[in-house]
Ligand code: NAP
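Just the one chain here, the form predicted alone, laid out as structure tokens.
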């Protein structure tokens, strides 16, 4: 069992108090690197979730000042930074990512609270300079209501920080449901939230499978906003389940990111950026490159350099020194990556980095070697389906038009990347890519200061930037003579 000063309790948190499940049902939290049980947490359901929503609704009627919200956000940012090592250790134990990556996730989480602490003034009432109809017009930004924040396992701390920081800035009261695979990061964060003096009911934590928890969040009349990061299939179900209740949804859903390298690009830089983009979190990120399009003239050089770099990655337990890539989250994830690799090879692709994976034994970690494939074509499974693992399939193209058409040949539109030395080419290509985030000569992902979100089946709504506040506020216009 993991021991941590931030995990004095491993229960949920409702109305300012730690609490177990009414049923006394529990579930294990597994370290994906070892297969060991590191904690036991409660399985909550309909009754606990209803109490959490009711507590949030009661607290919502007492607004907090702009100054108070800024103070809460800044204090929480400072506490996350102060405890970054311990938070990182917890993330590594429940997710498997290397400790340095996990520390970076804690820093990333803190940056959202710090950013919104610095821009809450945006939410002050604004009076129009004009006097239409001979009235003074004031625009107020009110909290949208109780916000349900549902987060995935791949960034167990950062994904919540993106949502909760904006919701708290907007003065929403929240019910938070983390992934059942990685709940400990959220429990640890609540031990810090306790220290900043939030009113009871302002932030509530329910633990357990989606089932009954999701039903309450979709049906309870007090929940006005649901912010969800996860699969497109679940996002579509949330749309259907909430439609009768006219709830606002913010959805960051699946991805299938193209990484396009033109023949005038700096090959070394492109390879370097792909390495950090593709293999971070063992490839289990929504914005990592899933399809690597390389123009034919540089394909040999690019593949050779990428394969050499991929073969230097050290796989293992993220808490061990020198490890640069951890395990996949579970056997299901392992099997999907293996299926994509086997499918591509059976259809003519060649493995140029990595080796055949060792089948994981029960109660052991699911480690998959970083794999680079050449000779990949559009009819292979890894091109039209998000792998979510350490597989880099290289697809060669000839023309600019071909690259654009291939990149857009997906229902998803979350992230894309373009590498070219020509600003003119970038100016032609980028506007034609139907993706919410397009890196230009960089594999960088989102930042707190800029809006991030998807197009098409990758969802709607934005996290980060001033735009990230919009999902959690209602504008109220007040004219007066």
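Positions refer to the first chain, counted from 1. Bear in mind that the values here come from a model prediction, so they are computed numbers and not experimental data.
Here the subject shifts to the form predicted in complex with the ligand, a form of this protein not shown in this document.
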* To do: State yes or no: in the model of the complex, is some non-hydrogen atom of residue 177 no more than 4.5 angstroms from a non-hydrogen atom of the ligand?
  => yes
* Asked: At the 4.5 Å heavy atom threshold, is residue 209 in contact with the ligand in the model of the complex?
  -> yes
* Asked: Does any heavy atom of residue 369 come within 4.5 Å of a heavy atom of the ligand in the model of the complex?
  -> no
* Asked: Hey, in the model of the complex, is residue 186 touching the ligand, heavy atoms inside 4.5 Å?
  -> no
* Asked: 334, 397, 153, 141: which sits within 4.5 Å of the ligand in the model of the complex by any heavy atom?
  -> 153
* Asked: Since exactly one of 105, 94, 386, 171 fits, which has a heavy atom within 4.5 Å of the ligand in the model of the complex?
  -> 386
* Out of the stretches listed (84-92, 235-243, 122-130, 308-316), which one is close to the ligand in the model of the complex, meaning heavy atoms within 4.5 Å? -> 235-243
* Are all three of 253, 286 and 452 close to the ligand in the model of the complex, meaning a heavy atom of each within 4.5 Å? -> yes
* Asked: Which of the residues spanning 196-233 lie within 4.5 Å of the ligand in the model of the complex, based on heavy atoms?
  -> 208, 209, 210, 214, 228, 229, 230, 231
